[in-house]
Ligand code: OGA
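In structure tokens, the next block holds one chain alone, the form predicted alone.
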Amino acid sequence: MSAGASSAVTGSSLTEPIAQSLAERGYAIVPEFLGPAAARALAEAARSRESRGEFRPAAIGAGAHRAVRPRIRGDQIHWLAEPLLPAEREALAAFEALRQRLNESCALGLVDLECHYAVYPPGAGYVRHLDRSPAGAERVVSVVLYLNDGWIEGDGGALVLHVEPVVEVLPRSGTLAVFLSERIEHEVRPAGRSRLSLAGWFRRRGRLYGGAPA
């Protein structure tokens, strides 16, 4: 399901095919959800935040059980919140168009998106897991947008969706993975170089466990 477009943001033209694939298979992979210029600008925004020390080690679990466990999950993250940079606003506009289409086509009742940048240093990964749990039941659809120029298969770092047959997604710049949070287990394999993405979740209304993202 390749965009094959040269515009800065191509996501808005892909929302219906994504909705159809999500309804039929539970996931969709789009090689050019963002055009090259928009993807590079978003990567630069992320790296500028990283250079300013805005990233923190990612934690797993919820409430009193929430902890940093690098052997399970080894990325550093920064949650997006105001004030946003221009490239971030542009990407979120594409995601908003997708949210609206998913509601229209799949009646999912999605009300918002929570998202963060994730940087995996060389050798770091995330073991097989689900994005939705009893402590975070508001999450319905997971989205991961990759921001890595020049990525080749030998770099590793694939997102693995544990469906039948298994799907492996290289984290190439502009590629978007969309999947149902409660159904599809997935993992991040270690890479030989730093690996950057914008990961998020479309949510239904509800109270997050402990008042914090699960």
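Start at 1 with the first residue shown and count on from there. As the structure is a computational prediction, the values presented were derived from the model and not from experiment.
Another form, the form predicted in complex with N-oxalylglycine, is not on view; read the next lines as being about it.
- Partner contact region in the predicted complex: 143-151, out of 64-72, 25-33, 41-49, 143-151, criterion any non-hydrogen atom within 4.5 Å of N-oxalylglycine.
- Taken together, the three residues F95, R101 and E182 lack any non-hydrogen atom within 4.5 angstroms of N-oxalylglycine in the predicted complex.
- At the 4.5 Å threshold, heavy atoms of V178 stay clear of N-oxalylglycine in the predicted complex, well away from it.
- E90 falls outside the set of residues with a heavy atom inside 4.5 Å of N-oxalylglycine in the predicted complex.
- Taking the partner from the other structure, N-oxalylglycine in the predicted complex has a heavy atom within 4.5 Å of a heavy atom of D131.
- Although the partner is absent here, A19 sits far enough away that none of its heavy atoms falls within 4.5 Å of N-oxalylglycine in the predicted complex.
- Interface residues of 96-124, taken as those with a heavy atom within 4.5 Å of N-oxalylglycine in the predicted complex (partner not displayed): H116, Y120, in sequence order.
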